[in-house]
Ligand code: GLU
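In structure tokens, one chain follows: the form predicted on its own.
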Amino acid sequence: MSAPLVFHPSANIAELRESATIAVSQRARALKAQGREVIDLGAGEPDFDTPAPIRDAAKVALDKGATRYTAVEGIPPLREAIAAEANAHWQGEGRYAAGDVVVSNGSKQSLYNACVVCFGPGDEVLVPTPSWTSYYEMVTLARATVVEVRGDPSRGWKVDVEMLARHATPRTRGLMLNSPSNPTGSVYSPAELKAILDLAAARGWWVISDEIYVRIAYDGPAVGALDVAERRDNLIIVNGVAKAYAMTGWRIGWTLSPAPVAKAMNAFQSHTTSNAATVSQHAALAALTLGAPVESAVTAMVAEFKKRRDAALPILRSSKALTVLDPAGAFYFYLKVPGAGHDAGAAFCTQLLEEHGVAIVPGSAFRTPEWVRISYAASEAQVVEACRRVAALADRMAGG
């Protein structure tokens, strides 16, 4: 009898890392299952219900038979609505059409689709750092090379054209952008974003612009790439309904791209997941087209996020041991914590969870190991209490 087969990971995933944000939430759930009281501020998920008009529209769609396969790229009305929304921002030559849109199982799949069809062996992709943990892994899974471009902490970790140009080589093929940013909450100004897009256009780089948080901004509307770009032939816009409409579990994201790129992503998706859930597509269509009933819920949610931010920031700032960024968008605090060693943030997070019952994400997930991320997608009382514990632990560790 032959020996049992031993699994050896393929070269495709040999360097793949587990999602640190998901790992934190899993540990928090495990502690809760043991009877521990835990404030979980690790997950990037709005704690609000999907607005009732969207849920009602999904029920209607189900009753009308929205239970079968759709076209791989999504139902035509949803793709038309996405294109129409894009055209409200894009004022340059050419208009977006439904054929430029591919609907997928969440913006995470959309990002991965874009990486796989645009990048490959020998390509380098600039990733402003810190960035969402999955960007690094997606580029690597596409067999391209990540080039980390470390931002400026004094400017909310944002990068600029000089930083990008210094890291570029003849092998540079693309750039990942995210504004408002996860994990920092920073928002690029129109001038900052335009300068970066102009550089990418001049160098012939693909720009994958992740705009999933674009509706969650506190100092006026955040701009997206289409608001400031002078050309769109190198742009791939990624968005979805998860954050703005509190629809994380519905799993609907999309890309807007030049038609040849959309065709390639559609072909790739046809061999992986095929279409996104049919009823979820109808719910997303409602989110984009119902108008005031949905928009009022979005406005109220953003206002509540701002209220939580404003309540917790003074508490974090009361600690002289913490360096705290002012988030202008998304729903995260990013802060530098005290501690020695290569991964001070992870040590801080472990002690905070195991001894003080608060789950947050270490900055090593975002390639800045001295920092940590706190989500304020929880009740104001929980966010305030958690931040008190964070500040108290930081002061104790620093000897304050």
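So that there is no doubt, residue numbering starts at 1 and follows the sequence shown. On a predicted model such as this, the values are computed, not experimentally measured, just so you know.
What comes next is about the form predicted in complex with glutamic acid (GLU), which is not displayed.
For a residue to qualify, one of its non-hydrogen atoms must sit within 4.5 Å of glutamic acid (GLU) in the model of the complex; none of A222, R309 and G329 qualifies.
In the model of the complex, W90 stays away from glutamic acid (GLU), with no heavy atom inside 4.5 Å. Looking at G44, you'd find a heavy atom of it within 4.5 angstroms of glutamic acid (GLU) in the model of the complex. In the model of the complex, glutamic acid (GLU) lies farther than 4.5 Å from every heavy atom of V384. At the 4.5 Å threshold, heavy atoms of R79 stay clear of glutamic acid (GLU) in the model of the complex, well away from it. Contact with glutamic acid (GLU) in the model of the complex, defined as any heavy atom within 4.5 Å, is confined among 350-358, 334-342, 36-44, 54-62 to 36-44. Think of it this way: in the model of the complex, glutamic acid (GLU) has a heavy atom of just one of F119, W132, W205, Y112 within 4.5 Å, and the residue is W132.
The contact residue chosen from N182, Q281, S209, S104 relative to glutamic acid (GLU) in the model of the complex is N182, the criterion being a non-hydrogen atom within 4.5 angstroms. For the stretch 337-376, the set of residues having any non-hydrogen atom within 4.5 angstroms of glutamic acid (GLU) in the model of the complex comprises only R373.
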